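So this first bit is one chain, no partners, the form predicted on its own, shown in structure tokens.
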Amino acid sequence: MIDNFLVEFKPWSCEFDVVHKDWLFSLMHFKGEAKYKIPVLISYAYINRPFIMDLYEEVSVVRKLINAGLDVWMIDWGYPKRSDKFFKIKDYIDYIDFCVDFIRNKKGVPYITLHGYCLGATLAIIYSSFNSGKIKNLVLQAVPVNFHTENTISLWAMHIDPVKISRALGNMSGELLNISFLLVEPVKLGLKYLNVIDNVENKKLIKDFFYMDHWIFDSPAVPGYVYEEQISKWYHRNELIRGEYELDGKRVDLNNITMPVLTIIAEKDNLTPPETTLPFFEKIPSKDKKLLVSDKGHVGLTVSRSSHKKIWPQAVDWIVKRS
């Protein structure tokens, strides 16, 4: 019975077409009957794979959006190789802009809803600050903006020399990043595997375990220059929340975030705790902003069944009413 779970494992529960590919990056369009005018573009973090948003049917955020009648698109940041070490954050922002314009032209609409998750949401904020006229709604999920906090990841990052790492490795290894995330709570990690052994006949638990572990260990590298910029300018100098971060000489101004904003945070998030997000939420001048709080962690916010009962119906309803 357990072997069946291994054989039948397949991330992505919703069908999609890859409608554009540009070297590393690609744009996906999910199949479904759209009832609302404004499309939704999802920008996930470049340090993990985006299928966490559509892990399997029961816990698929993408499916919830599609079932609500929304037209759903997603960016896949790909798997950087050593030859891609010279990519910069600006390249990611430029591709978001390409995708936004592609969708606007394809659907004949002036703007879209941009939905970012984790560092993908940080990119969404940067993009929206420069292109507010193209963004109808901004949805931000577990977004880090204030990088000076007391959580373990922030404290570790403050003592990292990203230049030495990128010079030695080319890119920041996905495996190394993944180990650091897992070691944030090593006791909890050990207990998770013991729990699996103790409940090996529990179908639901085994299914959740295999799907989640496959996602956790599918870890792309981060291009060397992107890693240098992320650590030095975001973590070391906290430029984004201070209003000092620039791309191509243009300052990212959070005062430009005037569109409707839905911010979703998780109380037990050990990677981007609420204090990484709340100063941003309080600072932006949007007159239509809403905060949803889950009692789960960074990933549980997306894949836990309780979040799908309590949080996502509210989030989807918010998006639908503004679409």
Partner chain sequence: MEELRREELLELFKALPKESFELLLRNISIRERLEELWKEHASGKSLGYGERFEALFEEVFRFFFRPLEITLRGFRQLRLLLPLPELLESLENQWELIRAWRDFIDSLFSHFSIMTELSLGITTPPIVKSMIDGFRESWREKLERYYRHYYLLDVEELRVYTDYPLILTKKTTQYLLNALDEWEQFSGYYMEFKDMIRNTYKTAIREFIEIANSKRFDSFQSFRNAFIAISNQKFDSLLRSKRYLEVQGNMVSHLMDYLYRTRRFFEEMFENNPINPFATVGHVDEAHKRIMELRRKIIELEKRINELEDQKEHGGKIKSRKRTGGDLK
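Positions refer to the first chain, counted from 1. Given the structure is predicted, the values throughout are model-derived calculations rather than measurements.
The same protein also has a form predicted together with the partner chain, omitted here; what follows describes it.
TODO: Would you point out which of 117-125, 230-238, 136-144, 93-101 contains residues with a non-hydrogen atom within 4.5 Å of the partner chain in the predicted bound form?
DONE: Within 4.5 Å of the partner lies stretch 93-101.
Task: Contact residue in the predicted bound form, from 242, 82, 251, 203 (heavy atom within 4.5 Å of the partner chain) - done: Only one option qualifies, and that one is 82.
- [ ] Let me know the one among 207, 148, 192, 107 whose heavy atoms come within 4.5 Å of the partner chain in the predicted bound form, would you?
- [x] Among 207, 148, 192, 107, a heavy atom within 4.5 Å of the partner chain in the predicted bound form occurs only for 192.
Open item on the list: Is it the case that residue 152, even though its partner is missing from this view, gets within 4.5 Å of the partner chain in the predicted bound form, heavy atoms only?
Closed with: Yes, residue 152 is a contact residue.
Open item on the list: Is residue 15 part of the interface with the partner chain in the predicted bound form - any heavy atom within 4.5 Å?
Closed with: Result no; residue 15 lies far from the partner chain in the predicted bound form.
TODO: Consider residue 310 of the chain shown here, and say whether it contacts the partner chain in the predicted bound form, taking contact as heavy atoms within 4.5 Å.
DONE: Heavy-atom contact with the partner chain at 4.5 Å: absent for residue 310.
TODO: Classify residue 305 as contacting or not contacting the partner chain in the predicted bound form by the rule of any non-hydrogen atom within 4.5 angstroms, answering yes or no.
DONE: It does not: once the partner chain is placed as it appears in the predicted bound form, residue 305 has no heavy atom within 4.5 Å of it.
Open item on the list: Do any residues of 18-49 have a non-hydrogen atom within 4.5 angstroms of the partner chain in the predicted bound form? If so, which ones, in sequence order?
Closed with: Contacting residues: 18, 19, 20, 21, 22, 23.
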